[in-house]
Every structure is written in structure tokens, then in C-alpha cells.
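Before any questions on binding or motion, here is one chain by itself as C-alpha cells, the form predicted alone.
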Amino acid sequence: MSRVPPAAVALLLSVALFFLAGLVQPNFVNAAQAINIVRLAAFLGIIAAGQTLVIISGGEGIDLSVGAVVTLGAILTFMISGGSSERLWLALLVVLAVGAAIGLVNGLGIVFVRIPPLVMTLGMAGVVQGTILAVTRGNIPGGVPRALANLVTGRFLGVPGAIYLWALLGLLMWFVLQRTRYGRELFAVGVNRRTAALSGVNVSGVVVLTYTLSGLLAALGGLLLLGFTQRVFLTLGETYLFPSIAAVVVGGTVLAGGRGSYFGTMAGALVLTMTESLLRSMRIGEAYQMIVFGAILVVLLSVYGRQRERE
């Protein structure tokens, strides 16, 4: 029996949930609602891109600083641009540089100081959050550039810009993972770091670069998220931390590393967003939503695990 790719399983599940929601609310199933769900999933998918790379790299890697970096990216964009579209490019450069620097510190701490990834990135999250509070003291001056809002929320052929940006990132991630030396070495490092090192792979360099890219992509996600929310607050990115991990896992990327795809993460983001929309339409409380999310994770991990055993 041929193995069904996890990305396909997740995608089919998201479609099934969409039509299931139509049974709960007959007016739910329509093109406008489908586009809206994909748009909401786009921000989670963009934020989870770096998390995908980190988890593929193995070594019990999970980036717990993602939520804090998302918030920081949005705040920096808000403050540096001051609402001016002309200053958006400057804000973008600063945001990407700061996000990459945070990821670089995470990578260096993990590789050379040998701090466990969970501890290092959790500590960095605290540093970032504390720095935000110390600098802003809860007062965040600035504004949202009109160009950013138009880029993210504006529509072309009826489709929001956020979806086009997500599709573009998906193609870029596919190219990086499947057509570059870094992508090949990343999977090798995730499978077995010692074997990869004996094969000539610079394992330390790959890991450091991976966490650097994770920070950069999280900061970019914060910038784009600001264009959607058009307001900024101190906990903006916190709600994306657990879903960014869950989207990667639901999409079939193995937590042990060495196996996965960003297309799987994209499908996982759709599943989580569709599930949340369905539960909200049923007026299910947040506590029960968490139970459902956990159950979905357990079921899908069980299915993926059995498929690997058959192989």
C-alpha cells in the first residue's frame, strides 16, 4: 500500500473540515469564506516557515522565541515607519536585520555554548519581551504605512495580497529545501548530525544559519501581520507560538528532524485555521478548542507514525 504524503492528508482534512462547517452553518461554504480562511492561514504559515527549518534540523530543535520576535517585528515596523510608506523599506531592513541577529544569537548559543534549543530560545523570548517592555514602557508611538496595509489586505483578481505573498514564500521555501546545497545539508543534519559531519557537512554552520533564518522569517511575519491587524500590542505574536509548532507537526514534519516539507506546514496551517473557524462557528469555548487541537495532533501523529512503520 503506497504511503499518502502527510501534506496531502492535512490538505484533505482541511477541505473536509470546511464542508463539515457547512453542515453546522449552511451559509459557511462559499468562495468568500474559503478565501478568508486561506488569508488567515497565510499569516500562521508565514510565521511557521522558520519553525519548519528548525524542526527539520533535528537536535530536539524548536524555536520558542518565535512569538516574541513576531511582536518585535511588528513594533519596530510601527515605530520606525511612523506610518510613512516612504520609510517602509527602512523598517523592513531593520526588522529583517534584528530578527536575523536574534536568530543568530540563538544558533550560536545552541551550537557553541551547547545550551539546549528549548532553553536557549525560551530564554531569548524572555530577553526580547523584557527589552520591548523596558524600551516602550507600554507606550508605542508610530503608525501603519498605507503601502503595507495595501500590500497585505489589497486584492488582485479578488484575492488578498497576503495569499500571494504566502504562495511566493512557499515557492521560495521549496526552492531552498529541494534545490540548494543548504537544503540538502539541512535534511542530512536532521537525520544524523554525526554522519552528516563525516560526509563533509559543516553541521555547526547549518544549525546556526537555520536559527538565523528562523528569526528573520518570524520578524518578517510580524511586519506582514501588522499590515493585517493595522494595530500593534505587546502580546501580538504570543498567540502564534504554539500554532506555529502545531502547523509544522500537523503537516508531517518529523519532530526528530530530517524529514518534512514546507508544503506540509502550509497544509497544517490551513487545518488549524479551518478548525478554529469551525469551532468558533459552533461557539465552542477556548478551553475546548485547545482540547480539539490537541486531539488532532495526537490522531495525525498516530497516522503518520503508522505509515512510517509500514515503510
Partner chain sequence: TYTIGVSNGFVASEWRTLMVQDLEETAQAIEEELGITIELVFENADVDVQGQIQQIQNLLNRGVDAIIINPNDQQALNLALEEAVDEGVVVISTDQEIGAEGVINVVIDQTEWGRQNARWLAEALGGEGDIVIIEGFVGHPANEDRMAGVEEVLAEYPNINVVARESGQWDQATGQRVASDMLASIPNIDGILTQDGMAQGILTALNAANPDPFPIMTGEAYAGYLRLWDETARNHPGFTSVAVVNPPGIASSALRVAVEILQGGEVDESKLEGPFGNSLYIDIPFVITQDDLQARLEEFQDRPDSYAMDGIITQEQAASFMR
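C-alpha atoms forming the largest set that superposes within 1.5 Å between two forms make up the rigid core. The model shown is predicted, which means the values in this text are computed figures rather than measured ones. Positions refer to the first chain, counted from 1.
If you look for the form predicted together with the partner chain, you will not find it shown, but the lines that follow are about it.
Remark: F228 counts among the residues lining the partner chain in the predicted complex, judged by a heavy atom distance of 4.5 Å or less. Under a 4.5 angstroms non-hydrogen atom cutoff, the partner chain in the predicted complex lacks G83 among its neighbouring residues. The partner chain in the predicted complex comes within 4.5 Å of a heavy atom belonging to V232.
Within 4.5 Å of some heavy atom of the partner chain in the predicted complex lies at least one heavy atom of F78. Stretch 138-146 is the answer when you ask which of 215-223, 88-96, 165-173, 138-146 has residues with heavy atoms within 4.5 Å of the partner chain in the predicted complex.
Contact annotation for 261-279: residues with any non-hydrogen atom within 4.5 angstroms of the partner chain in the predicted complex are E276, S277, listed in sequence order. Relative to the superposed core, A256 shifts its CA atom by less than 2 Å between the shown form and the other one.
Relative to the superposed rigid core, the position of the CA of F18 differs between the shown form and the other one by less than 2 Å. Relative to the superposed rigid core, the position of the CA of E60 differs between the shown form and the other one by less than 2 Å.
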